[in-house]
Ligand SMILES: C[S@@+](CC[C@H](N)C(=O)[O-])C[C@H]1O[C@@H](n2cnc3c(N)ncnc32)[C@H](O)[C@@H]1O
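Have a look below at one chain only, the form predicted alone, in structure tokens format.
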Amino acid sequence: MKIQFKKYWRKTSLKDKEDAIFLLSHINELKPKNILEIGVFHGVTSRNICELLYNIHGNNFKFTGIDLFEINTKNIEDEIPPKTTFSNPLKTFYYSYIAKEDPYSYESVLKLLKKFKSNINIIKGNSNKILQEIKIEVFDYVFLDGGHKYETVKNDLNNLTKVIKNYGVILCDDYNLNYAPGVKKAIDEYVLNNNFELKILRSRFAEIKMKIK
């Protein structure tokens, strides 16, 4: 099966095509059935993951996504808000005057994912809180691309320990960001404190294999 990554005329944090293809190839290799994505943004990665899972498993998969779906991060100290404006004026015009929707909104992402409405659960809110309150799900794969501050990543990782199955995988994005060193610090501490296996892939991704005692 040829792996492709479509952008659906939206913004995505996976701007490098090779990084995007790597993520999908990584998922394709492991073939998880129950995936969690923290940091949905415009839903581009979510849609690509769902398309891939459908090709692998048919309708026998589950996808959960968590995001604030807002740029106001005043309730998260020092967090870095996502850049939601388009550099392409045609896209700005399209979403402002034709689609008349904010692609970084809960409603817009649901619209993008409507093909898989029976397989998805998109949750609006702070992942640090949602992961404490969510009905326990046994995820076998997590793509972590939410808040980039040390405390946010640290709390997400600690909370994920309770909702991921033994020998499941967390793939953390942006391990190598110079302007957000808290990501690397939180990941390194989490792996060290829990004696988990860590691999750095394409310098950008940190793969954590969970072996929970």
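From 1 onward, residues are counted along the sequence shown. Not measured: the values here are computed from a predicted model.
Not on display, but discussed next: the form predicted in complex with this ligand.
> Taking Leu14, Phe41 and Ser127 as a possible spot, do all three reach this ligand in the predicted complex with a heavy atom inside 4.5 Å?
Replying inline: Contact check passed for all of Leu14, Phe41 and Ser127.
> Does the 4.5 Å heavy atom contact test between His148 and this ligand in the predicted complex come out positive?
Replying inline: Residue-level check for His148: yes, a contact with this ligand.
>> Can you work out whether Ile66 and this ligand are in contact in the predicted complex, taking contact to mean some heavy atom pair no more than 4.5 Å apart?
In response: Close contact exists here: in the predicted complex, Ile66 approaches this ligand to within 4.5 Å, heavy atoms only.
> Do Phe116 and this ligand come within 4.5 Å of each other in the predicted complex, heavy atoms counted?
Replying inline: Looking in the predicted complex, residue contacts with this ligand do not include Phe116, since no heavy atom lies within 4.5 Å.
> Might Thr45 be said to contact this ligand in the predicted complex, defining contact as any heavy atom within 4.5 Å?
Replying inline: Within the cut-off, so yes.
> Can you say which of 148 to 156, 53 to 61, 163 to 171, 24 to 32 gets within 4.5 Å of this ligand in the predicted complex, counting heavy atoms only?
Replying inline: That would be 148 to 156.
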